[in-house]
Each structure stands twice: as structure tokens, then as C-alpha cells.
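Shown here is one chain on its own, the form predicted on its own, set out as C-alpha cells.
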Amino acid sequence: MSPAFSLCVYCGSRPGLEPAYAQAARLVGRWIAANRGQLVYGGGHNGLMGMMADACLEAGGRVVGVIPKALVEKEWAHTGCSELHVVENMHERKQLMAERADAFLALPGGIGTFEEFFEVWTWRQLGYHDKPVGLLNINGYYDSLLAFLASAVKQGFMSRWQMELVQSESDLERLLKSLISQAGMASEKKQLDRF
């Protein structure tokens, strides 16, 4: 049976210092499984990535990992994934993850998470995709980033409509439901556009 949706999640390969981050990663994994979805992520077994994938698998969910060969050689790959795609480089990784996703979500993470989040946001504002993008702001982790982005709008380097392309939320379930609902609407619109 095919999954009801595919959610691409970007998050840290480290656990972070706050227990709330690990708790959120596990909850996201379990929520995806409970709602008959599929997790698409970076294929690692470390940090929040590994915790989220493990929680999804343990709850009976489907997990698609995409990881570059160089990281497999460092023994960072999660070998328990339902599907594990080993690709040549980061560009291929991000492209395949985006292709397999109906929506995107960023949890707390570091430079890799930021880069992936900003790329899919940029792709959306350029019209390369129309998939919803969410930012899960656990314990105010992204408060400073959101303040900086608001400043970029105020200084004339960004527009309000660009900010509106990203949903930022601290309530995990509300954000996930919204992303999946929007992904479904975008999919229905695409089907109608074919006729």
C-alpha cells in the first residue's frame, strides 16, 4: 500500500543540548507513521536524524533515506531504512529528497539543515515547486533567525510574500497537519490542471 504522503524532514545530525529537540524528532517520526505517511530524510543514524527515523520505523512507518557515498564510508548511514539510496554527492541527495517529498519540514539543526531549508524555500519562491515548507520552532530555537528574516524584509531585501511561503510554528501537530493538508491541496490542483 502506498503512503498517504511523503514528508521530507531536515534536522541535526547531533542531538543538541535541549531534551525537547530529541523529543520533537521522535514525535515527528511517530506522527508520520501514525498518519500512514512516509519519512524522507538524509539517511543518517546520528543525532535527531537517527532518533526520528528510529521512532518512525518502530511505529511501523516507512522511511526513505538518501545519503552521499562519502557519508556511508564514514559509517553514518542508517542501514535499517525501508529504502536507502546512496548517491554521489549532496546535490543528488537534495534533488532526490525533494522529488520524493510532498512537503518539507525543518527541525532544529546546524549548517546542513539551514542550507537544505533555505534551498527548498528559494526553489518555492522561484516556482520550481509548489510544496509547503515548514519550520518547527522548538523552544524558540529559530527565534533569532526569524527576527533576522523580518529585518531583511524591513531593510528591503525580501518581500512579505516570501516570508509567507514558510510556516513557522512551535506546535508540532498543528504544523504537521497544516503542511500535509496543503500538500494534498497542491496535489489536487495539479491533477485538475492536467484536464
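For clarity, a rigid core is taken as the largest C-alpha set superposing within 1.5 Å between two forms. The shown structure was predicted, so the numbers you read here are calculated from the model rather than taken from an experiment. Residue numbers here begin at 1 and follow the sequence given.
The form predicted in complex with adenosine monophosphate (AMP) is left out here; the points below concern that form.
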{"item": "Among 120-128, 80-88, 98-106, 67-75, the region lying within 4.5 Å of adenosine monophosphate (AMP) in the predicted complex by heavy atom distance", "value": "67-75"}
{"item": "Exercise: Q182 in contact with adenosine monophosphate (AMP) in the predicted complex, heavy atom 4.5 Å", "value": "no"}
{"item": "Proximity of G12 to adenosine monophosphate (AMP) in the predicted complex, heavy atoms at 4.5 Å", "value": "yes"}
{"item": "Distance check, I32 to adenosine monophosphate (AMP) in the predicted complex, heavy atom within 4.5 Å", "value": "no"}
{"item": "Heavy atom of E115 within 4.5 Å of adenosine monophosphate (AMP) in the predicted complex", "value": "yes"}
{"item": "Shift of E88 between the shown form and the other one at or above 2 Å (CA, core fit)", "value": "no"}
